[in-house]
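Same chain, two forms, each on its own as structure tokens: structure 1, then structure 2.
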Structure 1
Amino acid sequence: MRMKRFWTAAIVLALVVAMVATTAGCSGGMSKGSAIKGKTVVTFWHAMSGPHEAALKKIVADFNKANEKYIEVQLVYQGSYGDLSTKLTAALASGTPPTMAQQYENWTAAYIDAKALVPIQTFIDNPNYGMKKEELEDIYKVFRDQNTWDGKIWTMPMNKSTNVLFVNTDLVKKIPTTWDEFRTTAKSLSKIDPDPKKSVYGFGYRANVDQFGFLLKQNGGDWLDKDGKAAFNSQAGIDALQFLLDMTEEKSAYRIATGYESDLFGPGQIAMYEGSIAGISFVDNLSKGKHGWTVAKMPKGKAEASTVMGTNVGIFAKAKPAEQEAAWRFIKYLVSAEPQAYWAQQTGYTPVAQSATKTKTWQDMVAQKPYWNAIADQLKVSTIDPRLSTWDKARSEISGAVEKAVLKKATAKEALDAAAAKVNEILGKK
């Protein structure tokens, strides 16, 4: 599920406007041309807790042990994402940021404007300790795209999730793969009772920007056009929202006003929903002893599509060259096959490296949970949201429009056109 983000470009730029980027190149390995001459300690600020933090600690410990003469990565837990953003704001303002930190794309967009980051591309291109073409291309394209601004990779993917179709296998005998199959299946499974708690719907959803976004992308639409103006109110967007409205009207889909889809999926009140793999543990707990379940690729409209979420890790420009190089060496290790397979196994996040799916760790996991193959396949056709510091405000406007249409306070076209006008204002587009 998507965490709330707290950044705007204005706040970050105001706080770090006086910063001077120190993007000194780091060439060579820990011998020829390396900036690392002795033991180099780097700090990594993060917001991982519970099992996620435990898995990250294990990965860091393995890296530190293998590089104990040269590098030590020190993890510093900063609380929630909101806490992390607040502390990074203060650290950047005082000129004392950590060596590296987790960050959302809208944070990164503001950091780039403020010259607060050193581009990861600097290290990727290094002839001595960078990435070979095949190593870089091992990272799923959607994640490379998500971390690229103006042709440069600025950050690298870390804890990532994608959206999939959750399916009650006791009710759904044939998993739908197209919009037509999806709607027909949902309609056939819906049984409405005067008592809402006894009703069963084929599909459950929350009327928000994410649900609309799935359908928009599957219908061949996009959020913005090539000029950066709102494009979600195109005919593709209108038809996508109308598809949801029609399913709601015929009672094959149920709008969930409060809580999460898993809350109704677990007890069997909805047979399918589209959501993040971050909900897998909740679905498992809520469904246990009640019904079988699995996840599958999203149903296809005009295109196959889903979205990816989660944070990335970036290196701050204030760090010394040796610290930057050491941070990069850790990041390169973090996104490699074995650590990524372990990360997926322990946390439920997706691997960001395709080679992770070839490891024994992954194969053992798939043997127990075959649906992980569907998750890996979904990544190949997943897309990204706009990576703008103001996108959160835009998302709120679009969510409001979707809800307005679902509640019959406006037609799909009226709601999306009004939202598009407001989003263009937010983005500074006329």
Structure 2
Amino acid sequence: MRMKRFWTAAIVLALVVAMVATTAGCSGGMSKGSAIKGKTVVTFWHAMSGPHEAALKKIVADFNKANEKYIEVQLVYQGSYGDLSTKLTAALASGTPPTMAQQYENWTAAYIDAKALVPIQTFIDNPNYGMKKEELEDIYKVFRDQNTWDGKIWTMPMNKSTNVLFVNTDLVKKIPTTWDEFRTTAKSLSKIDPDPKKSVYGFGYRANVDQFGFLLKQNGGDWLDKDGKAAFNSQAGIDALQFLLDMTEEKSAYRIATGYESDLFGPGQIAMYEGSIAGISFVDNLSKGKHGWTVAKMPKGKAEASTVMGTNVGIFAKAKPAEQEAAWRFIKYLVSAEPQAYWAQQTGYTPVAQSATKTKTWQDMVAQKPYWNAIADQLKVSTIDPRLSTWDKARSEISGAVEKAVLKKATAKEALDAAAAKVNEILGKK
């Protein structure tokens, strides 16, 4: 019985292989200088779920339809970013990576060291199907920088977001633009009830590396100095953390212990929070019928600043030349104006190409949601976080330090100094 089933399976498999082989053999190439002969199937591993996945599927479907004869991109959902990373590690170790995959910069750094990637620059420079200078420069500089190592672009920005200020417009009458206004507004909105569950706070935050990072950069500080040593325990960093501690002390800010900020923002327990623009669909769902909301630029300290986050897409060296080229053609399409405008509209991720803001899709969206102008504007002052393969470890150290300070187990200076020492150790800068 089992044997019989095995043979049935084997015959079916053989037929499928034969079919694929014949289709692959019968048509011609794609264009001059192209390695693509016949239909090339490429796999794209991603971690997009929910509305994000739906939008990505549509973009891929459009691309596949337009290139029906030559290229088919197959999307493979691989769980959360953590799961995707584990899976990529296993796949690279066994020599079976996909053609392309989403990746954070610190993974990319490790993949480059392991010689697992082909630099995207190779394809950008290709005279037949590369990118013109103006096409490349259409991509926001912050994103190009983020994907460049040793003067070469290795990956392309994909689902990028920037941090913005979420505001409950029923409570906040005038959107704060500076730290001082921000603190006064938050203080005036906080209503502390003897029953902590009924209290409303002006500002809600999670005591982690991200929240500290916003303040650090707005205060003119940075994570590392020129030599790559920890610099976040500078006076700018200490003052930034102290600002958060002071607001917490005067009860205008509330530390969210677990869960997402939007979980408290929706029911109106916090009036403002700073977080990823990619969260707007959740904010919208949770706030519906409760209160109005909008997003604004992050309040400015000594400097106007925000961070960009999200992953990029890279092509693996293990793929055949035709597959690599097909993947590149898809990526080139993905970062072009129309798909980017659609992507932003559907997901809340920021477009990576400036020309996306010239499309009708974008104009229509901005007409309804004017805050998108502020977001596009903020991208120009956004900066990137370190892209070292060890940065994840450093991040958890810093998160630990921020939490320690907020829970009053150490002063801002003590916590940051201790974290800086550990981070230097992690980064090998002692």
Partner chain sequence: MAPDAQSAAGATTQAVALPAQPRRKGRKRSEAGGRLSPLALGAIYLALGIGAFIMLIPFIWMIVTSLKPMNEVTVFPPKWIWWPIHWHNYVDAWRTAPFGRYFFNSIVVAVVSTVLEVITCAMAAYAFARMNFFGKNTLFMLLLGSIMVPGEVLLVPNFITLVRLSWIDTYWALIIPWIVSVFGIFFMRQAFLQLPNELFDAGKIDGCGTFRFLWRVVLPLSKPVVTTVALFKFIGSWNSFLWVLIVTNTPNMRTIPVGLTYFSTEVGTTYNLLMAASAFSMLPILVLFFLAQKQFIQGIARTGLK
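These numbers were taken from a predicted model, which means no experiment stands behind them. C-alpha atoms forming the largest set that superposes within 1.5 Å between two forms make up the rigid core. When a residue number appears, read it as a position in the sequence of structure 1, where counting begins at 1.
- Here the chain taken from the form predicted in complex with the partner chain appears as structure 2, while structure 1 comes from elsewhere.
- Assigning each C-alpha to whichever rigid part's superposition fits it better places G266 and V167 together in one part between the two structures.
- The angle of turn of the smaller rigid part against the larger, between the two structures and from C-alpha superpositions, comes to 12 degrees.
- Taking the core as the fixed frame between the two structures, we note the C-alpha of A55 moving 2.7 angstrom.
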